[in-house]
Each structure stands twice: as structure tokens, then as C-alpha cells.
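There is one chain below, alone, in C-alpha cells, taken in the form predicted alone.
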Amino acid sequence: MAQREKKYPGHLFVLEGIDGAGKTEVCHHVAGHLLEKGLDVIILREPTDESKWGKRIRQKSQRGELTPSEELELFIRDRDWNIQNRLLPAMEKGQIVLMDRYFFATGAYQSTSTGIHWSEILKRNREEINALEPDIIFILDIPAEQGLCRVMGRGCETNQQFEKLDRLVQVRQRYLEMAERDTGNYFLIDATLPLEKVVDSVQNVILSFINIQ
């Protein structure tokens, strides 16, 4: 696993993937296991439910009340707040931060709605708000159809959700392109596997990474 120059004593591990990939559940299970080992772990997520920008995203995005460009700007402003008020202090204290989505999600999702290439969105985050680079970006990869089934429940009437399915197909492709072409330290995980196997995979990679510091 590639190593990056460390600016802070803490570690940042990000879980990414399309809707239904299981990011939040995996994140909490991994955090629990790491806590049991006596490690100092916190979970952060985006959008936040603390900043005014994150609250606006949560209130208006699901109702379709934001234009794609408005949503992109809100995500970047919310992320800037999260970095300054939550992420940087945790990294400076030497904590292990598990992030449930980060600026890679904005690149994957907002590139499909704005038409702006994902690489440009990632560049904005890196240059405009100095977004910290994760030690590892885990992509929980799952076919769009299966992810949508999980989101909708086991009924899985995907024939009635063409628009959602089409977007998830595009978002998944963006993530796979990032893993192949971006400068970040990516690790692909097969999220179609049982939850415990996915959790074990993520946890083992994290522990191996920390042990070689």
C-alpha cells in the first residue's frame, strides 16, 4: 500500500461507493472493531448535519429544490467547514478518522448532474479548500442494479426506477475511473460479498496500513 507524506499524526480513511453499497453500515462496524482494539476512532460524514450548508443540503436536496450547481457549491462549503472544525482537529490529535463519503463522492455524483468532469471537481476541493488527502479511499463497489435493490428494499422493482438506475450506473463508472486515473490511494472492495467479509477486508487493510507506520 502506497504511503503518503504525513502532515498530521492522525489517519484518514474514506469509504465511498454508490447508494446501497453499505458505506455507513461498514463504517460503523469497522469503527466498533477498531475501538475494541483500543484505538482512538471517530466517524465523520458528509454532508454534515451541523453546518448551515450541510443542513441546507439535507433539507432541500431530496426534494429537488437545488440546482446541480447550487448543490455542488453547498457541498464544497460544507466540506470546508467539516475540515476546519472536525477533520483537522481530529488529525492533529492523532485520531483515526473514518469518513462516510468525502470529496470523491462529490466528484462522482455532481459530475453526472453538472456535466463538470470529476477530475475538475476533485481539483477544486484540493486547491480551493485544501481538502486533506486520505491515507486510503475504499471504494465499496457494487453493480448499480444491486445497489438500487438494497435502497428500495427487497422488492426491487428497478423497472420503475430507470432514472435512478441510470444515474447510479454513471456514478459507479465515475468511481471506477477515479480508482484507475486519479492520484489518490484507492482500494476496491467487492461490496456484493456478505457484510462481515466486507468489514473484515476494510478493517484488515486499515490495521496493516497503521502497523507499518
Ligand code: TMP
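Since the structure is predicted, the reported quantities are computational estimates derived from the model, not experimental observations. Don't overthink the numbering: it's just position in the shown sequence, from 1.
Below: the form predicted together with ligand TMP, not depicted.
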**Message:** Looking at 177-185, 29-37, 142-150, 42-50, which stretch has residues with any non-hydrogen atom within 4.5 Å of ligand TMP in the predicted complex?
**Reply:** 42-50
**Message:** I'd like to know if L87 sits close to ligand TMP in the predicted complex, meaning any non-hydrogen atom pair within 4.5 angstroms.
**Reply:** no
**Request:** Using the partner position in the predicted complex, report whether R58 sits within 4.5 Å of ligand TMP, counting heavy atoms only.
**Result:** yes
**Asked** Counting only non-hydrogen atoms and a 4.5 angstroms cut-off, does R124 reach ligand TMP in the predicted complex?
**Response** no
**Request:** Find out whether any non-hydrogen atom of R101 is located within 4.5 angstroms of ligand TMP in the predicted complex, and reply yes or no.
**Result:** yes
**Item:** Within 4.5 Å of ligand TMP in the predicted complex, all of D19, F75 and R79 (non-hydrogen atom)
**Value:** yes
**Message:** Using a 4.5 Å cut-off on any heavy atom, which residues of 105-129 would contact ligand TMP in the predicted complex?
**Reply:** A105, T106, Y109, Q110
